[in-house]
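Have a look below at one chain only, the form predicted on its own, in structure tokens format.
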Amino acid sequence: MVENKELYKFFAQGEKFFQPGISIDSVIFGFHNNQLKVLLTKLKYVNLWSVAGGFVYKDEHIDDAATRILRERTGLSNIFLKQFYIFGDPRRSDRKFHVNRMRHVGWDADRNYWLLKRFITIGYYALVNFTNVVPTRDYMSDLCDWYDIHDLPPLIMDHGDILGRALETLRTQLKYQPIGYNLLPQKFTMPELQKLYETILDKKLDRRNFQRKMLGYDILNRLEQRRKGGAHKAPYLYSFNLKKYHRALREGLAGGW
């Protein structure tokens, strides 16, 4: 009896539908409780986790595949998603890893089997609002959950490198593009925005300099409301001016951190 019919079907028929040699791996970042988190999936039959990945249908655009995989894992669409690197080390695919998983569902493949050949993977990173995500596993995985980037479980193959490169790219983005709209709630305080930047950069920033620079970018709307309930003077709430924010994404910002 086949233990996992869907996974068995994937192994048996995947080459009919998916483009051999190409995969997608998306690093999905969220921000919650002052922690930068990444959405990971625990694969069946191994005590290892992966970033959100999948394969490309033969008639599917690469970007459409990345959007589809993101939607399947999070339930979200129309969010910030950016290609950042291609991982092509010929040793990155682990043949033994795949063979062991196939044997669990009774699939015995020869050396020319499509999944055992060399794969390059195209890396994307996504920025999402943590509270809007519904982590959803697929038939290849047991769990789908958030992890603090400083407290990660063991990852498969080169997924640690993929995550590290995505984080490096995100930090570089702060030098010339705005960050926050996809990670923060609609209304936020300046200290909350600063904490987001500090968490991504993994360093402290001067409060006055941060506020001066953010206001100088002219991408924020200061609201009349204040954040209530704190021990100190209630700070003003802000929101992003989306028209100016998206223009800054296209045209860039001056200066860095």
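Nothing here was measured: the structure is a model prediction, and the numbers come from that model. Start at 1 and count along the sequence shown; that's the residue number.
Not on display, but discussed next: the form predicted in complex with a further copy of the same chain.
Participant: Only one of M140, L152, I120, V99 comes within 4.5 Å of a further copy of the same chain in the predicted bound form by heavy atoms, so just point that one out.
Facilitator: Of the candidates M140, L152, I120, V99, I120 is the one lying within 4.5 Å of a further copy of the same chain in the predicted bound form.
Participant: Heavy atom within 4.5 Å of a further copy of the same chain in the predicted bound form: which of L215, I62, V46, L201 fits that? Just give me the one.
Facilitator: Result of the distance check: I62.
Participant: Out of 216 to 224, 30 to 38, 193 to 201, 51 to 59, where are the residues with a heavy atom within 4.5 Å of a further copy of the same chain in the predicted bound form?
Facilitator: One stretch meets the cut-off, namely 51 to 59.
Participant: Hey, in the predicted bound form, is A12 touching a further copy of the same chain, heavy atoms inside 4.5 Å?
Facilitator: Close contact is absent here: in the predicted bound form, A12 is far from a further copy of the same chain, nothing within 4.5 Å, heavy atoms only.
Participant: When the contact criterion is heavy atoms within 4.5 Å, does I86 count as touching a further copy of the same chain in the predicted bound form?
Facilitator: Within the cut-off, so yes.
Participant: Given that a further copy of the same chain is not shown alongside this chain, does I22 nevertheless sit within 4.5 Å of it in the predicted bound form, heavy atom to heavy atom?
Facilitator: I22 belongs to the contact set for a further copy of the same chain.
Participant: At the 4.5 Å heavy atom threshold, is F130 in contact with a further copy of the same chain in the predicted bound form?
Facilitator: Taking the distances in the predicted bound form, the answer for F130 is no, it never comes within 4.5 Å of a further copy of the same chain.
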